[in-house]
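For reference, the chain that follows is the form predicted alone, supplied as structure tokens.
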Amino acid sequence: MADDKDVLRDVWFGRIPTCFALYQDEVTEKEAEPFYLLLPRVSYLTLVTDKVKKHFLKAVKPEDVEEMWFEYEGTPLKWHYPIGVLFDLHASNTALPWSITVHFKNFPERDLLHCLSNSVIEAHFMSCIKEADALKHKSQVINDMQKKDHKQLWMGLQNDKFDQFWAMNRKLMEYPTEEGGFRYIPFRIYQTMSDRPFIQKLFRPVSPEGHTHTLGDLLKEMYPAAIAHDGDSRKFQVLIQGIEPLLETPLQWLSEHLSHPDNFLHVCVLPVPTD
């Protein structure tokens, strides 16, 4: 893969200043001060919020404590989406810090998956990596790895160890030079305006004629409304890892450099803010 280590580092160490506040109806024992945290964009909410839980448990009656869950402006936050995706999708045009509400009661069964231990997050994370490698290499790379290599990917993410993670992940980003890229690009396109969780289809990084596919090509095929036509004002913002890449950017490069640790390129399509 292209050795663009600075980009990989910038993506890995991206942080979102966040203010957690306990839902007001759940404050009982004593007033709970808000809790501030720099959230890693590439991790998962339930993986990095142990301190948040400890902080707020002091203010809640033990009998009121069920599973902790999070919400932003009335929307329950899906822990199995990377934190950066949740922020880009729901809060990218708001002032920082990001204000998240913490709940210990009334778990929204219809909106969220349960997450009672880190092993649930690990299982989700590894299943995403395996799915991505099925698309990229027909699962050959992930299947050639040993159990300890899989563990190294997970521990690298869990413990926020860039070098530990990338020592193994770079194998998942390699491909034969003559092929010009992966078999298919693992991507998911999210919209706030849709009930559908995301768009995910097969898409190659290179056309049958040998042309390099770009982000614009992907959007033209999967979500044509996201592209402004000549003379039209732009209706949508397209965010990957919190930035708006040029539509001419090769998809293969984006997949190698701006994918989340789960090896998917997560693309958020939002209406352009009107104010």
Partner chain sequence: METWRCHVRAELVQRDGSQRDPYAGVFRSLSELQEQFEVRQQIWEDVQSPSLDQDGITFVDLHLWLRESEHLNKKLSQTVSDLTSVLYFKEAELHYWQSQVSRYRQEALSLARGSNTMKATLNQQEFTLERQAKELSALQKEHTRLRKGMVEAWKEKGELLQRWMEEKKEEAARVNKYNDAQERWRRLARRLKKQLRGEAVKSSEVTEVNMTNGGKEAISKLE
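All values derive from a computational prediction rather than experimental measurement. Numbering follows the first chain given and starts at 1.
Omitted here: the form predicted in complex with the partner chain. The next part is about that form.
- Residues with any non-hydrogen atom within 4.5 angstroms of the partner chain in the predicted bound form fall in just one of 46-54, 65-73, 203-211, 220-228: 46-54.
- The partner chain is not drawn, but in the predicted bound form it has a heavy atom within 4.5 Å of F35.
- The partner chain in the predicted bound form comes within 4.5 Å of no heavy atom belonging to H114.
- Remark: E174 counts among the residues lining the partner chain in the predicted bound form, judged by a heavy atom distance of 4.5 Å or less.
- With a 4.5 Å cutoff on heavy atoms, G14 counts as touching the partner chain in the predicted bound form.
- The candidate site formed by H80, L89 and R196 is entirely out of contact with the partner chain in the predicted bound form, as no residue has a non-hydrogen atom within 4.5 angstroms of it.
- Contacts of stretch 146-170 with the partner chain in the predicted bound form, defined by any heavy atom lying within 4.5 Å, are made by Q152, K161, D163, Q164, A167, R170, listed in sequence order.
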